Structure formats: structure tokens, C-alpha cells
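Next up, C-alpha cells for two forms of one chain, structure 1 and then structure 2.
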Structure 1
């Protein structure tokens, strides 16, 4: 039986998710022995752009080149995995989508900046192509990548957490940074899976695992308003999720 053919790619990103795969030091040789890695520019030369059983893509679509590349990869992959928060939800690249690309380019590159770069408002992969499986995280969690990878190889059902990070925080008996200390924390609406790593070190959750299903955004907003955060700040920080909520001042 032939080995599954895979490709690992990055669009506009920091390459952190690809590095997580390379950092699977104890498992990387076994991974390489179980699959036929056709393309992984960060790790190998002699890449082959061919039909794939699975393509793992990180990063946002932030340029026309990104969009063309994504559609080309989708066209030859049986399964496409959005790898990391940027690919799944847009991540930090989307937090300034309220500013026009023309204005941003001129601010960084001068008056003629918009003539030399094909910048687009940053968006997640699912806004353009079918995504078969998301692996969220900033970067992805090594344990979840390995678990999902093994499930794929064995043909098992892939199960991931579907509860909020607050549950993991409570299991660790952490003091609530949001309610008790008034710190801007997105734990109540963020997907679990990191074992509350940041709040366990008194660092508030910024939502890097993306939103939990059926997140109660209204309750989160009301708590933050009670803590005297402004609507503008709430909208900007929740922009990490790219759901663009209709947040309004309470009557």
C-alpha cells in the first residue's frame, strides 16, 4: 500500500506551525517513515508539486499571491488542513482589517506603497476554499498535531476539545484573571487545548485557540464593559477571531 502523500505549506505567517512539526524531535523520523512528504519548503529541497492526499497550510490569505497559491493547493489535495490560528480564524493579521489596505501601505511604504504590493484584507482559509479539518493554536500544540496525524494514518475518528479554556483554568485552581482581577482575558470564549498555559502564569488568554462553539460573546462583552474596557478595545481584541461581532453599548 503506498504511503499517503502530504505537503506542508505556509502563506502569510510566522512559520511557527511548520516549526512545531519540525520540533517533534522524538517523533519526526517515524512521521517521515509513515508518509511521502512531497513538499515542505521549510525542511527540505527538491519539493514536488503534485497530487496530495493531505495538504497542511498555515497562515492567512493576505495577498493575491496567497489566494492563488491556496486555490492551487486545494485543487490537488484530497484533504486540506488549516494549520494554526491564522489559517483557521485569521489571528493577529486580521486585527487591523478596519484600516484600508491603501492607508496601511502608504503608512509603511510611503505614498506609492499601494502601487507595489498586492495586499488584501487578511482572512482565514475557509473564506476562500473548503477546509476539511482545522488544527488551531498559535502555534499549534504538538500533542494535538501528533494525535490528529496518528488518527489520520489509522483512519480513526478525530476528536478535539469543544469546551472553553476556563474549564482547564478551573481544573488548575487558578484565580480568575477576568472576574477577580479585572484583566482583559478571552478565556470564557476561547477553545481549550493548551491546559490554560498563559493564565497559569498570570498572563491573560488572548484567544489564540479560536472561539469555542456557541461562545457567549454577549456575556464576555458585558463583563469587559463592567471592568471599564471600551467598546473599541473589545472589538479590536476580539478581532483575533475574525467574526466581527456586532458589539453595542448596553441600554
Structure 2
């Protein structure tokens, strides 16, 4: 069987997910030997933009150029993986989508700012193309990247955690920040996978792993209102990663 042809790309993003792949130090050589990496700008030269079995795409669509690139990649990839919370959900880039691009560009780059860039309201990949598989995380978790990658190579059903962070947090026997201390924690609506990294260090979850399937936003809002957080604060903090009004549930 020929080795699967892979391309790894970043749209508007911080390259954190691509770096996570490079950070798989113990596994990277084995990975490289099992696939044919056609394109991975962050790691190699001589990239070849050709037909792909899998394209892993990081980041959000935030410019017209991003959109063209995404469509072009989708056109030659059998499987498209949205890699990272931004690619899956829009992530932090969508935080200011309530303000017009013109206003934002002028605010940042001056009076003529809107003339220099082709900025679009930031959006996740699935708003434009078919995404076959999301791998969330900001950045993605090495463990889950490898688990998914191996399952794919092996031809298995790809299983990712599909439950909220609180369960992982409980398994660590953390005292609940939300319940026992009234601290603003988004664990109940955030997808597990990070092993409750933040709550285990007494830092509440801000939802960087993206929302869990069928997240019950209304219930979380009520829980927080009950703890006397204002709706404004709730919206602002939820908007950081997890919640934005145009979120559609994962397919």
C-alpha cells in the first residue's frame, strides 16, 4: 500500500498546532516514515502542492486569501482535518466579530487601515468547506493527535473524548472551583482531553479545548448567574473560546 500523502497547513493562526506535531519528539521519525509529507511549510522545504490523502489545516479563515487557500486545499484532499480550536470553532479570532472589520482595521492600522488588508470576520473551516474530522485544542493535545493519527493509519473508527472536562477533573480529585469556591469555570461545557490541566493548578477552565458536543450553554449561564456573575461578564468570558452566537453543533 502506498504511503498516505499528507499536507499540513496554517491559515490565520499562531502555528501552535503545527508546533505540537513537531513536538512529538519520540514519535516524529516513526510518523515521518509511515506517511509521505508532501507539504509542511513550518518544517521542510521543497514542498509539493499535489493531491493529498489527508490535509491538516490549522487556523481560521480571516482573509480572502485564507479562503482561497482553504478551498484549493480542500479540492485536492480526500480527508480534511480541522486542527485546533480555531480551525474547528473559530477560537479567539472570533472574539471581536461583533465589530465590523472596517472599524477594527481603522482602529489598529489608522485612518486608511481598511485599504491595506482583505480582512474577513474570522470563521472556522466548516463554515466554508466540508470538514471530515475536527481535532480541537489550543493547541491540540499531543496525545490525542497521536491517538487519532494512529487510528487513521490503522483504519479504525476514530474515537475522541466526547464528554465534558468536569469528568476528567473529578478523576484528578480536584476540589471543584465552581461548586466549592464559586469561581467562574467553564468545565461543564468544555470538551475533555486536557486532563483538567488548569483546574488541577487551581486555575479555572476558560474553554480552550472548545465546546463539548451538545454543550448546554443555557444551563451553564444559569449556574454562573446563580453565583452572581453578570450576564455581560459571562458573555465576555464565554466568548473567549467556547461560545459564540453562530456556533453550530459538531456534526
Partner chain sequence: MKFLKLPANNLPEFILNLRKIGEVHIPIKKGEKSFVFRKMNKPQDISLMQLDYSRTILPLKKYFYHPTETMFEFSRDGFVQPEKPPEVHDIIFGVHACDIHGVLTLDLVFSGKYRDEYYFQRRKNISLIGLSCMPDEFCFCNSMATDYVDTGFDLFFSEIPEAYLVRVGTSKGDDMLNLSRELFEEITHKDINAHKDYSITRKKAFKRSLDIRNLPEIMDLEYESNLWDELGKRCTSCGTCSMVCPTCYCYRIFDDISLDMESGRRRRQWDCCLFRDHAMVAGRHNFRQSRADRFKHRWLHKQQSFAGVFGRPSCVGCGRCIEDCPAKIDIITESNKIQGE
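Predicted model, so just to flag it, every value in this text is computed and none were measured. For the two forms, the rigid core is made up of the largest set of C-alpha atoms that agree within 1.5 Å on superposition. Positions refer to the first chain, counted from 1.
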| item | value |
| --- | --- |
| Pair member that is the form predicted in complex with the partner chain | 2 |
| Yes/no, residue 226 Cα shift of 2 Å or more between structures 1 and 2 with rigid core fixed | yes |
| Per-residue Cα shift, residue 236, between structures 1 and 2 [Å; core superposed] | 2.8 |
